[in-house]
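The chain that follows stands alone, in the form predicted alone, written as C-alpha cells.
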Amino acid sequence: MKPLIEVEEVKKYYKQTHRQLWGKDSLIKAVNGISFSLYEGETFGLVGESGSGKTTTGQLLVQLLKQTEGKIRFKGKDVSKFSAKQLKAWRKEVQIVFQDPYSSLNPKKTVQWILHEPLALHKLGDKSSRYKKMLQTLSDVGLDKSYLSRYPHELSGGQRQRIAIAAALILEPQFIVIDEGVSALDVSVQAQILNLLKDLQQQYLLTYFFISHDLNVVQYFCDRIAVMYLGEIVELGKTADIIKAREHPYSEALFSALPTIENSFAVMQIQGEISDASQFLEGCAFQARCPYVYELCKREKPVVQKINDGHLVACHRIQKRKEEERVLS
C-alpha cells in the first residue's frame, strides 16, 4: 500500500536573536530530522511532553508552517513545491482541528458563517447546495440547524469542538490533523467526541494525525504511535506493540505511568524536565534524563533500530543488547 503522506528528514528551526551586546544567535530546533509515513484510513498518534515538537509537526503537515529542510509528500507530490493555486486546491484535502475551539472559531461570526466560508472560498456549489451541505455536516457531527444562528460563546465546550470538526469536515478532506482535540473537554465529553471521530472516519474515509499528551486516549484511539522527544521521533510502531514492549527509555517512562492493575506500583521515574531546544547536544537528546545512559550516548546520536515489522527505535541500548545476544549465541 502506498502512503498518503510521507515525511522525509523534516526539520523546522527558528533563529533566536540575543539582544545582549556579546550574545550569539542560536537555533531553536523545534523539529529535528523526523521521518515517517501515514497510510489511508489509519489514525497515527504523536505523543510526548510539552515542548517536544508535536504541534509544530502537525502544522508542518498541513503547511501552516514551512519546513526548514526535508520533504513532505502528499500522494507522492512534494507539497513545498506547490504553486499558490495548487496549494489552495490542496487545502481542500487537508484540514486541522485545534486544541481550543473557542480560540480557533471566530467569536464575532455565527456558526453559519463559519461553515459557509470554506465553501465560498473554494467556490463550491451555489447558495442552495451550500445550505444543504451545512445542514448535512451539522447532522453528521450530531447537531441540528438551530445551531446555525449561534455564536461560539453560546455553545458548550463539546458543542464548540463539534463545530470545529464540522468546519474541518465540510470540504470533505482526506486527511485531518487533530491537535489535542479533546484535552480541553470533560472526560465524558471526550468519549463522545472520540467516538464521533471514529464514526466520521468510517463515513468519510478519513486519515487522522492525532496529537495528544493523554496516553489513555492515544491507546484507545490510534492504530500506530510515534513517541517524540526534543524534536525527534525516538520510537514508532503499532499501538499494541508499543504498549506491550516499549523499547526506548522515554517511552518506557511515559507509558509506565498509565494507571493499570499490573503497573500501579511500577512507575519508571525520569529526572528533570525536557531540555531547551536551542541547546546543542552531542549524542542522544535524552542522555541527561536517561537511567540507562552509556558513554556512547554522550558521543554519538543513536540510529534507528528495527525491532520487528514496523516497530522502530532510536536508542543505543537496543544496539548494545543485539551485540550481547550475538556474543552469547
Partner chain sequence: MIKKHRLPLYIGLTFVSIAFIMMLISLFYTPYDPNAIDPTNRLASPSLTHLFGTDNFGRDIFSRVMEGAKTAFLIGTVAASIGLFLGFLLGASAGYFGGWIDELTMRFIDAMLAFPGILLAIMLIAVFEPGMKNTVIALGIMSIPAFARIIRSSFIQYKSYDFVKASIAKGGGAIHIMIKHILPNAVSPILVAASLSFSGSILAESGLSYLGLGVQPPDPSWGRMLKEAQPYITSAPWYVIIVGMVITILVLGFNLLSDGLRDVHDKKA
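Residue numbers count along the first chain shown, from 1. These numbers were taken from a predicted model, which means no experiment stands behind them.
A second form of this protein, the form predicted in complex with its partner chain, is not displayed here; the remarks below concern that form.
Proximity to its partner chain in the predicted bound form holds for none of S139, I176 and Q201, with the criterion being a heavy atom within 4.5 Å. Distance criterion of 4.5 Å from any heavy atom to its partner chain in the predicted bound form singles out N106 from the list S80, S149, N106, Q86. Of the candidates H122, K145, K71, K132, H122 is the one whose heavy atoms come within 4.5 Å of its partner chain in the predicted bound form; the others do not. Of the candidate stretches 203 to 211, 124 to 132, 72 to 80, 111 to 119, only 111 to 119 contains residues with a heavy atom within 4.5 Å of its partner chain in the predicted bound form. Its partner chain is not drawn, but in the predicted bound form it has no heavy atom within 4.5 Å of S26. Looking at L64, you'd find a heavy atom of it within 4.5 angstroms of its partner chain in the predicted bound form. Its partner chain is not shown here, and in the predicted bound form it never comes within 4.5 Å of any heavy atom of V234. Proximity of Q59 to its partner chain in the predicted bound form: non-hydrogen atoms within 4.5 Å are present. Taking its partner chain as it sits in the predicted bound form, the stretch 153 to 173 comes within 4.5 angstroms of it through a non-hydrogen atom at A167, A168, L171.
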